[in-house]
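Shown below, as structure tokens, is a lone chain in the form predicted alone; questions about how it binds or moves come after it.
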């Protein structure tokens, strides 16, 4: 049985994360610095070291997940810990700042951290929700299977429409040549085409079929049924592409932000060492 990363090992890594967050918070509340709290106190330095170690470990997950079958720690353990300790990192780093923020590289690093965590939360939500939706939408078919079925329906539509009239034949041909799947990332994420050639052909052929002669009525009805089947399949294919795009696109935000965060943290640490 598939076990969600959020409940993996009976919330083991959530417990670890909560312990670390609570311990950090208690230390912050108990500690009475000579000056105002912040990164320049010994507790602030401790938070900073813990934060850097956590950050580097979290970044290492990107390497670990590409090394299949290596290491004694399962990938599910890494991922579950990555999620929960990533959230804890915000607590640790916030306490490290002592809630003293300004227009400098230190605050830039903190802001980038928050953006990385928010994008990570979005990624978790996507990977929890969309795989099951994709499975339901596919109905046992792969995207390649859908495309093959669409090609077969197009062939059947052309065969049937050829025996009706030129107007209907033109609509079917336009549907076959101009129905678009995929496209730009924005089109994929939207998952719909307001000017879908298949939907237009279905609606127009259905209207024409109501007024067509009796000798062609049966063929027209069959064609309407085929175009309706094609329209539904096109909707499912676009939805599949949309789900896949949503599962992929967040990484194009999360990963670059993570590299920017590491660069900002390096600048932050160097600045602290220089002015120490």
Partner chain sequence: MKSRISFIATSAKGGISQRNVDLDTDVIRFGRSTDNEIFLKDPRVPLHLAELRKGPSGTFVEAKGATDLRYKGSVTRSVQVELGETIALGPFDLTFVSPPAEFEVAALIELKRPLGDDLEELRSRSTISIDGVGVSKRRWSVGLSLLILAVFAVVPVAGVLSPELHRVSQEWPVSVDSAWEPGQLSVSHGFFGDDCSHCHLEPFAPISNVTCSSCHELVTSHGDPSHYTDVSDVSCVSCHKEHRGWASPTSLDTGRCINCHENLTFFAKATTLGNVSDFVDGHPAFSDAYPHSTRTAINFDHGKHYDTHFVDQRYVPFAPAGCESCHQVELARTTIPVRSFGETCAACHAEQIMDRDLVLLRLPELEEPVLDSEDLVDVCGPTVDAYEQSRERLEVIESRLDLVLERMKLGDAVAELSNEEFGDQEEEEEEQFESISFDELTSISAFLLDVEVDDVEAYGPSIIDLVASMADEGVEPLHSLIADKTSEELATELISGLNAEAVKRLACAWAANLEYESPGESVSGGWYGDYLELKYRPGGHADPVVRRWLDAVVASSVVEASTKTELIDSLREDLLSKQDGPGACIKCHGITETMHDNGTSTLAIQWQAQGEEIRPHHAFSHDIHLKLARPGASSVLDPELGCANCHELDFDSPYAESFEGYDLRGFSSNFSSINRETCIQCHGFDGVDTSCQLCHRYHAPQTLSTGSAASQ
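Numbering follows the first chain given and starts at 1. Take the two forms, find the largest set of C-alpha atoms that superpose within 1.5 Å, and that set is the rigid core. These numbers were taken from a predicted model, which means no experiment stands behind them.
The next section is about a form of this same protein that is not shown, the form predicted together with the partner chain.
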Among 123, 162, 131, 191, which has at least one heavy atom within 4.5 Å of the partner chain in the predicted bound form? 162
Among 55, 224, 245, 43, just one has a heavy atom within 4.5 Å of the partner chain in the predicted bound form, namely 245
For residue 147, is any heavy atom within 4.5 Å of the partner chain in the predicted bound form, or not? yes
Heavy atoms within 4.5 Å of the partner chain in the predicted bound form: does residue 136 have any? no
Does the partner chain come within 4.5 Å of any heavy atom of residue 249 in the predicted bound form? yes
Look up in the predicted bound form whether residue 271 has a non-hydrogen atom within 4.5 angstroms of the partner chain, and give yes or no. yes
Want to guess which of 202-210, 123-131, 153-161, 80-88 is within 4.5 Å of the partner chain in the predicted bound form, heavy atoms only? 153-161
Is it the case in the predicted bound form that 177, 183 and 266 each bring at least one heavy atom within 4.5 Å of the partner chain? yes
Aligning on the core only, does the CA of residue 207 end up 2 angstroms or more away between this form and the one not shown? no
